[in-house]
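This document opens with one chain alone, in structure tokens, the form predicted on its own.
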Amino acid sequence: MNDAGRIAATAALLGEPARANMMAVLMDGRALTAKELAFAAHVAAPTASGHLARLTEAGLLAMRKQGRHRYFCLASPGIGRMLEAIMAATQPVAGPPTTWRGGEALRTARTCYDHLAGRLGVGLADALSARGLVVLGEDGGEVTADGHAFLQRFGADTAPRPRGPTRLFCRPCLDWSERRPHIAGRLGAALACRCFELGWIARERDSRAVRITQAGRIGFGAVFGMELAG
């Protein structure tokens, strides 16, 4: 299949509303069962199984078994970046909301695969850039010497994982709601993980939105110099 054919095939898969809802609900990096994804897509279990088989065959989803259950997740961080880029490239359309929309909660703070997005994610990128800890370009980013020292003090684990393909350490990811970059790559994942560990953010149930806790409002201000509304 040539490049045009691959683009058309992928667009056809994502253009079906039930499959689009399944992909969107997995953008927080979790693995969900077929039953959970059927609920998210508003379809019956047999219909969901057919959709999941097609998405897995196309390499967009990965499936793993645990006991009697089968869990599905995005096949790679690149799939998450593709979905976020599609959202960033398209203007919001008026009409009934789909399962991935969460109003101001999603715009304020959410996960984009395994890193932070929304106003919080963009604010982190701005704060690190303004202090000369991170330098972001159009296609990549790097952490300065001061930045590496800061990350070590903050407790962010940025060591590469022993399994899987090598992942970029730091890269900009265009935020679909803010239309400006937040930080992705191993650095973005490490920052998000550390913020969860500190209790600065907490997941919202059945949503990619994350809640900024009172400890987080204090911490983001003290450590990153960020002023958070609310």
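Residue numbers run from 1 along the displayed sequence. All values reported here derive from a predicted model rather than from experimental measurement.
Below, we refer to the form predicted together with the DNA, which is not included among the displayed structures.
Trainee: I need to confirm a contact call. Of C193, A58, A62, A34, which residue comes within 4.5 Å of the DNA in the predicted bound form, counting heavy atoms only?
Mentor: Of the candidates C193, A58, A62, A34, A34 is the one lying within 4.5 Å of the DNA in the predicted bound form.
Trainee: Give a yes or no on whether each residue among I201, Q214 and I218 has a heavy atom within 4.5 Å of the DNA in the predicted bound form.
Mentor: Checked in the predicted bound form: no contact with the DNA for any of the three.
Trainee: Counting only non-hydrogen atoms and a 4.5 angstroms cut-off, does R208 reach the DNA in the predicted bound form?
Mentor: No, R208 sits far enough from the DNA in the predicted bound form that none of its heavy atoms falls within 4.5 Å.
Trainee: Is there a heavy atom of A20 lying 4.5 Å or less from a heavy atom of the DNA in the predicted bound form?
Mentor: Looking in the predicted bound form, residue contacts with the DNA do not include A20, since no heavy atom lies within 4.5 Å.
Trainee: Classify R70 as contacting or not contacting the DNA in the predicted bound form by the rule of any non-hydrogen atom within 4.5 angstroms, answering yes or no.
Mentor: Yes.
Trainee: Is there a heavy atom of H51 lying 4.5 Å or less from a heavy atom of the DNA in the predicted bound form?
Mentor: Within the cut-off, so yes.
Trainee: With the DNA taken in the predicted bound form, which residues across 186 to 204 come within 4.5 angstroms through any non-hydrogen atom?
Mentor: Sequence-ordered list is empty.
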